[in-house]
Structure formats: structure tokens, C-alpha cells
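Consider the single chain below, provided in C-alpha cells and representing the form predicted alone.
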Amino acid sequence: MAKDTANFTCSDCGATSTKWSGRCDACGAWNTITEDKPIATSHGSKSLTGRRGQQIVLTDLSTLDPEPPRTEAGVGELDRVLGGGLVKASALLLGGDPGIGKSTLLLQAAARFARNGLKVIYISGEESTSQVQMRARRLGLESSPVRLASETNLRDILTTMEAERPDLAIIDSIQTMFVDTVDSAPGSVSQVRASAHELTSFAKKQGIATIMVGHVTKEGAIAGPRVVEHMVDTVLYFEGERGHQFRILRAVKNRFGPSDEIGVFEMTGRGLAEVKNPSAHFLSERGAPTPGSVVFAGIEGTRPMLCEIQALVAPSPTSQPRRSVVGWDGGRLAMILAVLESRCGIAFAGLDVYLNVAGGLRITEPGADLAVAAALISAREDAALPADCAIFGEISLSGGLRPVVQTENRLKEAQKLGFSTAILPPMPKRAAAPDMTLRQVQDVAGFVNDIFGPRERKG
């Protein structure tokens, strides 16, 4: 009988190799390689094709199956991200930074679902039941019919779920669970993969919706093998800055709804409160017009959202200017700076550049390019833009401006909040914004001349 070959897996990216090394060749992370022992089977080395199995039932694409039933939590922001509510027998994975409020969000959601008639159990592998009860009293949820337990043995958890037959089970967290048939420590790649597989399979067979909490790495990705994200039906990220009161629940995968939707919450003394008008909240602390401050009209999922982009440009005291970005892609900032220097003659050499998206929001769409360029030029030229002006548009490497999706929704949201002017790329047809002044610009060079006028370049 051939000897089993040990495999080694990176806990950050999931890459495998046949030998151990201190540094992962795939992602470059250090000290993340762990031994991944194969799971023994009762069939030895025999091929599965030599054993006769049960024939599966096939169907065709024209078969109409009813849509899976959903249960709304009663929290509009959470139901929006889930695609309309919680689907029966679905498996969800929720990730987020430590202390960002994952357990608070799930405890509030569990209480809402329980009050709506679902049987809910909350199993914590990180806290005792008394700690969860203390949080429930602080949130005013102590009277909610949620069943609690503190356990890490997955065999006992599945046995309890089979006996209790809940509608929703919350596992906090998947990294603390262990399967007694896997010879490795809790939190290892093998344990996380096996625990997620067992929970997902059990949820499908028993019709129990299951929410699993996952830890994240320092890069912001969910720790463990990436195959876990492929197993589950929905992957959610809970984002935010500890210095801000806003929290963003973002869907990056959803088999039962949109995969790019977000929900906005505000952290208060009584827990998380949903924010029904995020644009007004993100712009609530915006004062008089200042250089480097620009309002971007963006789209997050199906929702138009306005936020403030702030830029600061200052002489660098070192030979290597600093580029600091919060809430946006640093590589995209480097591209915008290169376009401004190459196509418009505006150099940022010898200048430190700081860019921030106010409110702790993270922007991923390229439609923010023009707003970022406007903030950078405004900060460099020390010229403030009008307070009632919203900007959006994508910049190409040639310096041209490309139209973005859902232009009318962006304009309607800006008009609703009192903005009277919008700067945007050329549109193939007139957008429905009769009470707004639309300034359409062809390229970045035309935008600089039209908005800031012929100015003497610095540097």
C-alpha cells in the first residue's frame, strides 16, 4: 500500500505544496505554511469507479422549481444585503475585523428572526453564555427567545442541532470549531475546511439556515482556505473604521440575490442602528467649501450614495514622497496621478499626497476617478469647488472620460440632497435632471481648464 504523502497548505491563500517552507511562494506570506494531513477513507486506495453507486436523477433547464422561501429580519439594511431575507437551508459566511461588531450584529439579527417566528440557536466558541447574555442585556434583547450554548466540538453541535431542529443556527466562529476525526489544531486549514463542509452539508440536508462567523487576515480576507467561500451560498464582510460610527455590511457573493449590495449601520450605545439614508449621514459633517473636498455621486449595489472625498497635497520633506490612501485603491491613485502629470502637465513630484473617503466608507467602483482627480487638483491649486457640485466619471489612460452606469440614479440622489450642479462625462442621451446644471466634459484636460481655469502650474 502506498504511503500517504503529506501536503502543506498556506493558511492565507490556500496554496498547497509537498514540502514545508517558511515563506509561501504563491502569496509571499511568512510562517503561514501548515501541514494538511489527508482524511482517511474506508475504501483505501481503490478507485471510486470500481464500486457501483446509486444513479442520480437528472433534470433539464426547462424544469421550473419554486423559489426558495425567505424570512425577513425586519432590519431593512440586512434584508437588502441578503437579497430580500434569509433563505431556508442556506449557508452564510460573515467576516470582519476583530471588535468591528460582528457578534453584535448577529445577536441583534438572531433576536429579530426569533421574534418573527423562527427557532434560533446561537452557539459561541469564543465566549461563554454569560458573556453573550451580558451583551444581550446591554442591547435590550434579554427577552428574545434565542437559545444559547457555548461549545467548540462540532460533533456535539450537530447532534444538538439535529435534536432541536432550529430554523436558524449561528456559529461564532468557524475558526474555533474542531472535528474530532481531523488530526490538527482548531483554526488550522484542515479543521476550518472540514468544519465548514460538515456545517454546510448538514444545513442543506436538514433545511437549517446556518450563519458562520469567520476571522480575517491582516489583508482583510477571511482566514482559512478559499474553498470555504466556495462552499457557502453567501459571503458577507462587515467593514468600518473604529474611529467612525458607521459600519458597512457588504455582500461579495450571494446565490440568492445581488452580490454587490451593501447595508449601512451606525454603532450606538444600544448596538447597531440601520441608516436608511446613508448619503445624508456621510455628508452631515461637511462644512464650508474647502480645497481638496469633493462630493462623489456613486453607486453601491443598487443604491445611489453620495460621499465626500478629501485630498491633501503638501511638500514632501523626504526624497520619496508619501502616498497614503484610506477607503480607495492605492494603485488606482497612482494611475490618476500619472494621467494628471502626463495628459495635463500637473506634476506631483516632490509632493506628499493623502486621500481619504470620509465616514469610513470604502469605494471600489472606477466611477470615482474624476472626483479623486478633482480633489487632488483642488488641494494642489488651493482652490475650493462649489459646495453644491457633485462629480463622477471614469478616467482612461489616454486622459479621456468614460460614462458610468446608472447616471440618472446618481443625479436624482444628488438633486434630492440639494445639489444643483453635476460634473460628469458626456452622455449619449439627456438625463432626467431638469433642475440641475449638467457640465459634461470630454477629457481630464478639458475638465481642468473648464473648472479651475488657466492657472499657473506649481512645481
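Note that the structure is a prediction, hence the values are computed from the model and not measured. A residue's number is simply how far along the shown sequence it sits, counting from 1.
Keep in mind that the form predicted in complex with a small molecule is missing from the display, and what follows is about it.
**Q** Is there a heavy atom of T104 no more than 4.5 Å from a heavy atom of the small molecule in the model of the complex?
**A** Yes, contact at 4.5 Å.
**Q** Answer yes if any heavy atom of T268 is within 4.5 Å of a heavy atom of the small molecule in the model of the complex; otherwise answer no.
**A** Yes - in the model of the complex, heavy atoms of T268 and the small molecule come within 4.5 Å of each other.
**Q** With the partner left out of view, is R250 within 4.5 angstroms of the small molecule in the model of the complex by any non-hydrogen atom?
**A** It does not: once the small molecule is placed as it appears in the model of the complex, R250 has no heavy atom within 4.5 Å of it.
**Q** Does any heavy atom of H215 come within 4.5 Å of a heavy atom of the small molecule in the model of the complex?
**A** Answer yes; at least one heavy atom of H215 falls within 4.5 Å of the small molecule in the model of the complex.
**Q** Could you work out which of L333, V146, L272, V357 is the residue within 4.5 angstroms of the small molecule in the model of the complex, going by heavy atoms?
**A** By the 4.5 Å heavy-atom cutoff, the listed residue in contact is L272.
**Q** Of G140, G287, G117, G99, which one comes within 4.5 Å of the small molecule in the model of the complex, counting heavy atoms only?
**A** Going through each option in turn, the one that passes is G99.
**Q** Of 91 to 99, 376 to 384, 69 to 77, 277 to 285, which is the one stretch near the small molecule in the model of the complex, taking non-hydrogen atoms within 4.5 angstroms as near?
**A** So the stretch in question is 91 to 99.
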